[in-house]
Structure formats: C-alpha cells, structure tokens
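Quick heads-up: it's one chain on its own, the form predicted alone, in structure tokens.
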C-alpha cells in the first residue's frame, strides 16, 4: 500500500503529465498552422487587428479585452482561434487554455480553462470562463470613431475551499460585464500605427474569481476601469502596456490593480506570440507579485 506522501507525489505527477500533454497537443496544432495556406484563415481584416488573446479568453491584449473580436473574420466569414497562456510570478502560476469563435465580425464566443497554482502551498484553483462579446458599432480602422463592443464573462469556480476560507460572498459562480472602445490610428505617431483601448467593467470577482465573488467588505458589483495602448513598430511587431483596476471586496487581503508591459509578434494570420512583464501587486497577502507572461494564439480558420 502506498504511503500518503507517495500517493500525493504520484497524483501530482500524473496531473503535471496530463497538463504537459495538453500543451504539446496545442503547440503542435499551432505549429501545423504555420505551414498551411492562408486560405484557412479569415482574410477580411488587416494583420494584427484582432489583437492577441486576453487572459480570460476573449480577443484583446494580455489582461484587457479590446473591442475587436478574436479572429480575422469579415462580415461574411466565420473564424476560430485557440490559445495557451502562462503567467508566472513570485508565489503563483497561472495556466490558461481556450478557444474563441468569431461569427461574421459581429459576435465572439469564447471559452477558457484557468488553473491557478499556489507554488509554496502546493494547491490548485480551477476556474472556467465562458465569454460573449458583440460589436455594437464602429470599425477599428475605417470609421472616424472607435469600435465599441459589450461583453459578458460567466465564471465557474471549480475549487471553492480557499474562497470560502477568505470570506467570499459567493463561491460557485459569478459574472463580469464590460463595455470597451478601441481605435487603431494608422501612421499617427511619426508614421507608426497607434492603438488604444478604454473600457469599464462591472464585477464582483476577487482576483479574477479565484477567491470567489464579492466579500465581507463589499458584496455588490463595482465599476472598474481598464485601458491598453500599443505602438506598432512594423506590421508584425507591437509594444504596449495594459492597466486593469481591481475591486477590493475582502478584508482578508488588499487587492491591487494590475499592469503589464508587452511585446506582441504577429508574423501572419495563423499565429501570434506575446511576451510581457507583469506587476500584479499583492495577491492573497503575498506582496509584490511580479513576473513573466507568455501567450500563443493560433487560427485554424
């Protein structure tokens, strides 16, 4: 009979093996897209205009949704994307896998599976996010005013023990509503393209939802500001930053706003890569959580 320690190590090893296998399958899929014809991807948009993939699965930048929809579908096309993201800071690690569908450049439907790992405690918190986003009006490039979209992210917390311990108001599910505007200005900065996003989010999510939704300090929805800006060094390379305001619902620990500085490489309409430095502030009492963010998005069609 295995000792508890051996059983725990074996279980943890199996979990890591399964997760590693998932990443390999996804990366092989993305690699295959590098050698496929451009005919498999929607061709109705300029390169890089869908952005990359936001941490909760929607089209945007690292931590902020954009008004643009995931994928290159025009108004008479359908597009799909898959992505893998890892964020590693001092005391925590976040792995995210997911996909999104763009229906005729009008509606985006996305799904993300998030695994938040507490490095020193050896615990894992799982959450799933189903997203819906719709373009309300405007065009990212061709209209004189910004493109504006509204979205919903429905979150289901799979591991609730920690959320219950810290005093979350709800520990099963929650949702975020957001309104965002994005505009790409061609050649605005001495010939370089410049993109900006400004949004507002109604949320109760504590640390994206990993610590539940609402708390003893505040159990109602609050409005939080989000923003992103990027300069395109050339057609395939963008440098920018994100800012995301966070609610402060739990007296257990202060929740800080998030900031990242990113570089996105978009060589073609089949794949893109994002590398970022992230500053997440204090998370669950652990201060100064800084580290790296890496994300890959592929477009099967």
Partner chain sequence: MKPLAVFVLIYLVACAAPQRHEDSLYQALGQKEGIQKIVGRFIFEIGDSPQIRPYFEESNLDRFYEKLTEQLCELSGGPCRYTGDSMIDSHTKMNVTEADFNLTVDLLIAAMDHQNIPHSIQNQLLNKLAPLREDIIYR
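Residue numbers count along the first chain shown, from 1. All of these numbers come straight from a predicted model, not from anything done at the bench.
Unshown form predicted together with the partner chain; subsequent notes refer to it.
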| query | finding |
| --- | --- |
| Exercise: residue 187 in contact with the partner chain in the model of the complex, heavy atom 4.5 Å | yes |
| Partner contact for residue 82 in the model of the complex: the partner chain, 4.5 angstroms, heavy atom | no |
| 4.5 Å heavy atom contact, residue 251 and the partner chain in the model of the complex | no |
| Distance check, residue 268 to the partner chain in the model of the complex, heavy atom within 4.5 Å | no |
| Contact test, all of 44, 139 and 233, partner the partner chain in the model of the complex, heavy atom 4.5 Å | yes |
| The single option of 148, 229, 78, 200 touching the partner chain in the model of the complex, heavy atom within 4.5 Å | 229 |
| Listed residue (218, 134, 74, 88) with a non-hydrogen atom within 4.5 angstroms of the partner chain in the model of the complex | 74 |
| The partner chain in the model of the complex: contacting segment from 189-197, 202-210, 90-98, 165-173, heavy atom within 4.5 Å | 189-197 |
| Within 4.5 Å of the partner chain in the model of the complex: residues from 260-283 (heavy atom criterion) | 260, 261, 269, 277, 279 |
